[in-house]
Structures are given as C-alpha cells and as structure tokens.
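Single chain ahead, written as structure tokens, the form predicted on its own.
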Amino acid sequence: MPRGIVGDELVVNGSKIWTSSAHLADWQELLVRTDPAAPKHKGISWVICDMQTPGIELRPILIMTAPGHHHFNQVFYTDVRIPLSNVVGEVNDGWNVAMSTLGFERGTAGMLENIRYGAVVERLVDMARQRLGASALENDDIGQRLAQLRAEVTAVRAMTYRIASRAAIAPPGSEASLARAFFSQLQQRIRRIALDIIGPDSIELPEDDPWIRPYLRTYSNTIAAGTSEIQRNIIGERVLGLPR
C-alpha cells in the first residue's frame, strides 16, 4: 500500500506555497505524492481538500502591490486526513489530471483578461492623446508602441480563440503555454507604457494608484501557472519537438 494511504483516507503532511485566497476558500486542490518510490511525475494523486479539515494551518504572504494585505498564503498540513473518494481520476495518476487543469488555466481561462486588456490599451491611447497630444501618437515612440500593443492584444485573443475551439474536441494541451507565455509578458508591456505616458510624475504616485498597483502585479503573472521559463521549455519540447 502506498505511504500516505490509511484505510479509505489519505494522510497528508507537508506544505504548499503561493496558494491564492486560501484564507477565503472552502476547498483546495492538492497534488500529493502517494507513491514515494515512483519517479518524478509518477506516483502523484490529485485530490480535493476541505479547508476546514483538522491539521491545516495558514500563514499569509504579504504582497508589494498592497502593503499590509495579502491574497497569497503558505499552507501547512499535519496529519490531514482526506477521504480517498476526494481523489480526482486515479490514485497515482494525478499528474495527468493536473496537466488538464493547467491546460485550461494557461489557455481558455485567460479569455476575460484578454478582453479587459484590450480595453486598457484603448484607455492608454486616450490618456496619451490627452497628456502628450495627438501628434505624439502619430510620430512618437509611444504611438508606435501603443499600435504594437493593439496588434499583440488582437494576436493573443486569436490564440485564445483557437485554444477554446480545440477544447470542444479535447482538453487544451501544450499549445496553451504559447498563449500563457506571450500574454503574461504582454501584460507587463501594457502596464509599463502607462508609466511612460505619465512620465516622471509616476514617481510621486501613491502605492494604491490605479496604474502603479497593476504594474507591480504583472510581475506575478510571469510566475503563476508556471514561470515564463517553464512555459518556454514546454513550448520547445512538446510543441516544437526540440531536445530537452
């Protein structure tokens, strides 16, 4: 019997970091190792955990975008007992389940953000026109960058539509990393140009300014759901067929 399974329960010990909104959640998904002898991605189970289960401890992680506040947490588990009926898929086959959920998170789950960032670019065009004048949009570096951002927002939306259409046939695969890697860094470029349009005045803006905080927040976007480096490895190995 794999270690960690006692009767009809999983007994979980360890910790999980960067858990978004764990202090508000009723349930949490976990990847737990149920066969320590299995190599790497084998021997892992995907399980749903009730956050009220005894043995769970939460520790908040403060964030730079909202000093004194948090939405990230580190969660510690001490002899936490979870019914085996909460396992999704098969015991020791959790990695395949995780790849399916990550495919959606990296692909179709970003559709709302695609639309929202399209609106942000249009707001930036209006702000640049007001602060820098119409001629700046035609001749200045800011105007060229905004035009490029408009095109990139349209491109990533088309990538997301393609992933969504394929999801009607099969769960998103490794191609979802293309959209994730591109869009997470596009968000940084969009938020960065806002500060360039505001100019030196941005240094004096308060921490809760509607342009400063989202810019700082974009740095976590290149980490969440797999870092940009991980996304590039997936694209290279599984999409392009490059060697490891």
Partner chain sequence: MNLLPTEEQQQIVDMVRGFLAASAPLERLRPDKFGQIGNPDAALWPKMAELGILGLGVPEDGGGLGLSAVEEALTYIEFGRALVSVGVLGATLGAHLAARTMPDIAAAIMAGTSAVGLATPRGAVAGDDGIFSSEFHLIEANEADFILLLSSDAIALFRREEFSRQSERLSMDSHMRLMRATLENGKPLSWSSVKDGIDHARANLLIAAYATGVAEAALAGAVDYAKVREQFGKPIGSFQAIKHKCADMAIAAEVASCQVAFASVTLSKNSDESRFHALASRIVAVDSALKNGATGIQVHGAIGFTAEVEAHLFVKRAHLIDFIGGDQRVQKGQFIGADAVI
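On a predicted model such as this, the values are computed, not experimentally measured, just so you know. Numbering follows the first chain given and starts at 1.
Missing here is the form predicted together with the partner chain; even so, the following discussion is about that form.
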Candidate from Val88, Val125, Leu102, Leu84 lying within 4.5 Å of the partner chain in the predicted complex - any heavy atom: Val125
The partner chain: the contacting residue among Ile235, Ala25, Val11, Ala225 in the predicted complex [heavy atom, 4.5 Å]: Ile235
Three-residue site Asp35, Leu58 and Leu216 fully in contact with the partner chain in the predicted complex at 4.5 Å by heavy atom: no
Contact test in the predicted complex: Val75 vs the partner chain, heavy atoms, 4.5 Å: no
4.5 Å heavy atom contact, Glu138 and the partner chain in the predicted complex: yes
Exercise: Ala119 in contact with the partner chain in the predicted complex, heavy atom 4.5 Å: yes
Exercise: Thr154 in contact with the partner chain in the predicted complex, heavy atom 4.5 Å: yes
Partner contacts in the predicted complex for 146 to 162 (non-hydrogen atom within 4.5 angstroms of the partner chain): Leu146, Ala147, Gln148, Arg150, Ala151, Glu152, Thr154, Ala155, Arg157, Ala158, Met159, Tyr161, Arg162
